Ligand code: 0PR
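In the form predicted alone, a lone chain appears below as structure tokens.
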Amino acid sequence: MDILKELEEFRRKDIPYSRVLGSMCTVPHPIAIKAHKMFIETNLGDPGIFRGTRELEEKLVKLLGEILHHPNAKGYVCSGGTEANIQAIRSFRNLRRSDKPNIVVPKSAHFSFDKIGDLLCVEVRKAELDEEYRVDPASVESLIDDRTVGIVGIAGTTELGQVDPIEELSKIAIEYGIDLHVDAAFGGLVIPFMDKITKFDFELEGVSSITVDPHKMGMATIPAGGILFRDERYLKALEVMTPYLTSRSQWTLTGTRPGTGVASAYAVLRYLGFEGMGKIVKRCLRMTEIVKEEMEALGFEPVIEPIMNIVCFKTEHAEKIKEELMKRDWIISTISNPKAIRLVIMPHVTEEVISNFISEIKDVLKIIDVRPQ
């Protein structure tokens, strides 16, 4: 059998994005694909060889920093939000040595923080949420003690797309003299382009680091995550010596790092510019409003009014609906508190995709014979 034909057979088993409404990833922008191919053999783990790629990474970090109100931010492009979150907390821990370190995160935090607790031997304390599923600053404050190395806020929660009160968390961080990490893996390339002004980034004095993933709403090729710090001392806290490479040291978690994510992310942001990114975000928000209206017409109620291009609908039958849709090669996700189906409206979601999805879900409701609630 021809190897390429064999590969094609496996690839055909993948579900196309046109039937995916549950993922925070999307079809890469055409210019991202071209840039990816140009940098296919690059390895940022050895920057002395790939000097141009390293310079490009520095330009991308500056560009992301400009979007997040700090053009002098320091950081690098990593595999994704999980690695970025690990590195932020690892830096905090290393800067504030403690016998039994802990961090305070919202109950809505991404599961990567559970991995962090295990990997870094850091206690993860989970703060309560308010009625709108934002972290309660009073609960955060109550969990801080002299062994707390940092607190975390989310700008675009994975389940609901909610934004924590980062301004209040920033004040808490300053008051207690601890670091604040903002997980904006999704929201970092959404919130800056929305009409509503929401302070969540380095504009706030207490924010020490931010996770932002260009392979989500930045439409870069996978993998292209990002971790940005307020200054270089956070990177220095991660540094290890690399005597046999072309660089003296490195502060990244992984050694080998593809330059493709850097090139594709930079290409998209430069090609579209702030205005172009804004148009894409606003289009996604418009599609979110359309799907919300269509689902409400079927009797579904949103868990919260969508903050960005994520919307969840309450139903006791969430798992049944998800399973039946999956049989038809439609991908959505569910949340458990409250029970709901979750839709992420990425750039590949068009009005035609929404129309097709609504037709399918109408049939599903008939087949499983349940009411939306």
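The numbering used is simple: start at 1 and walk along the sequence shown. Bear in mind the structure is a predicted one, so any value in this text is a computation, not a measurement.
Missing here is the form predicted together with the named molecule; even so, the following discussion is about that form.
Trainee: Quick one: from Ser209, Thr260, Asn85, Thr288, grab the residue that has a heavy atom within 4.5 Å of the named molecule in the predicted complex.
Mentor: Contact residue from the list: Asn85.
Trainee: Can you pick out, from His70, Arg342, Arg54, Lys322, the residue that has a heavy atom within 4.5 Å of the named molecule in the predicted complex?
Mentor: Residue within 4.5 Å of the partner: Arg342.
Trainee: Within 4.5 Å of the named molecule in the predicted complex, counting heavy atoms only, one of 154-162, 289-297, 264-272, 229-237 shows up; tell me which.
Mentor: Selected stretch: 154-162.
Trainee: State yes or no: in the predicted complex, is some non-hydrogen atom of Arg134 no more than 4.5 angstroms from a non-hydrogen atom of the named molecule?
Mentor: It does not: once the named molecule is placed as it appears in the predicted complex, Arg134 has no heavy atom within 4.5 Å of it.
Trainee: Quick one: is Gly150 in contact with the named molecule in the predicted complex, heavy atoms, 4.5 Å cut-off?
Mentor: No.
Trainee: Is there a non-hydrogen atom of Ser23 within 4.5 angstroms of a non-hydrogen atom of the named molecule in the predicted complex?
Mentor: Although the named molecule is absent here, Ser23 would touch it in the predicted complex, with heavy atoms inside 4.5 Å.
Trainee: Check Gly81 for me: does it contact the named molecule in the predicted complex (non-hydrogen atoms, 4.5 angstroms)?
Mentor: Gly81: contacts the named molecule in the predicted complex.
Trainee: Does the named molecule come within 4.5 Å of a heavy atom in each of Ser112, Asp183 and His215 in the predicted complex?
Mentor: The answer is yes: all three residues contact the partner (heavy atom, 4.5 Å cut-off).
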